[in-house]
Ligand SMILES: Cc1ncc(COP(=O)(O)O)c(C=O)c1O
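Take a look at this single chain, the form predicted on its own, given in structure tokens.
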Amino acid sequence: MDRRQLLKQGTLAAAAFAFSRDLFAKEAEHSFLNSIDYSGIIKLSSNENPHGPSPKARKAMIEMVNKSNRYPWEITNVLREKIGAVYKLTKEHITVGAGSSELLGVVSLMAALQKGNAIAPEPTFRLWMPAANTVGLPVSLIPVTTDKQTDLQQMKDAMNKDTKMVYICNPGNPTGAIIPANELEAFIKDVAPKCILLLDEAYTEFSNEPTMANWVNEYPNLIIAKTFSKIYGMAGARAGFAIAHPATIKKMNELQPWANAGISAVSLAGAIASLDDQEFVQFCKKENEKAKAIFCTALNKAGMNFVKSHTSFVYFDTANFKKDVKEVLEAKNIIGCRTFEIGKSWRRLSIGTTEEMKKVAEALAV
């Protein structure tokens, strides 16, 4: 191959790369990246942010693609320092992973090594539980109250000398209910001295309740799990973090094959940029409230009770609805309505855009 041919091929390769990059920047309307075609479908199943990542995050992720040939050690430390600063802590209080789910698994493994049991509400976020059982941490589930509130007293009563971990998702998933800060603080003071208290704050940013991260220095057993999947719109990017006492973070890191290495360079860039885009966060919170109000009004008109939601989804009772709600919605290409309590009439639906929730409201007006 002569020099002219080599230059020609190099130019074509550069043009091809630029073209693919531009496709990515335009969100790949017809790209091979979109292996699942949701056109014509309103997907309200996984509490995903319908507005996607923030504009700053998208730009940062695109730019980081070209640098993904390098291990992102320095970028990881930047994110940990930035998160620490948000909570008036240090990077030693922070560990990161591929979504908060990875870190929930690490904490349950840490508890399992202590040879005991765990306690959690029912229903709740259960993704981590099968693995916990597999590694020797059986989980006792404590039913929520009749009005779908986490029963803190019953959870405390269920604890015994072998209880090594208590898990609480606040605001709750799938209920959307909140434990008031004063009640949760009292629970922390009572439980955290006795065992690991794993507090999942995946949806705190949608509520007006404060994080409990300010208690981690006083209670080394308190671990706060948080994520970029929800209000930051990065569910597919897989970025999460845990906040805890530095000694606890060290123990968690020792259970990871490569501590703090679960997030890709691209996702790290997006997470860092997301923290700088609080205008987008506030936009998402306001839009979520608007869209949720449309849905709750429709539930009221349809005669269905629901739990007051502090999240990006609503838990509602279909007992008084004359038709199968799931079938009614799916007939209008709206997917995601599901149950979390076998044999009961309660269902959860994620909140989409205002336009999407108007279509949900129209579907329920039968």
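Source: prediction; values computed, not measured. Numbers for residues come from their place in the sequence shown, where the first is 1.
From this point on, the text means the form predicted in complex with the ligand, which you will not see here.
Original post:
Exactly one of 248, 260, 163, 101 has a non-hydrogen atom within 4.5 Å of the ligand in the predicted bound form; which residue is it?
Top reply: Only one listed residue qualifies here, and that residue is 101.
Original post:
Pick from 91, 148, 292, 238: which has a non-hydrogen atom within 4.5 Å of the ligand in the predicted bound form?
Top reply: The option sitting close enough to the partner is 238.
**OP:** Please check if residue 206 has a heavy atom lying within 4.5 Å of any heavy atom of the ligand in the predicted bound form.
**Re:** So residue 206 does not count as contacting the ligand.
Subject >> 4.5 Å heavy atom contact, residue 167 and the ligand in the predicted bound form >> reply: Yes.
Original post:
Closest heavy atom of residue 227 to the ligand in the predicted bound form, within 4.5 Å or not?
Top reply: Looking in the predicted bound form, residue contacts with the ligand include residue 227, since a heavy atom lies within 4.5 Å.
**OP:** Using a 4.5 Å heavy atom cut-off, state whether residue 111 contacts the ligand in the predicted bound form.
**Re:** Outside the cut-off, so no.
**OP:** From the candidate stretches 114-122, 78-86, 168-176, 148-156, select the single one in contact with the ligand in the predicted bound form, where contact means a heavy atom within 4.5 Å.
**Re:** Stretch 168-176 is the one.
Original post:
So which residues in 198-225, when you check the ligand in the predicted bound form, have a heavy atom no farther than 4.5 Å from it?
Top reply: Those in contact are 200, 202, 203.
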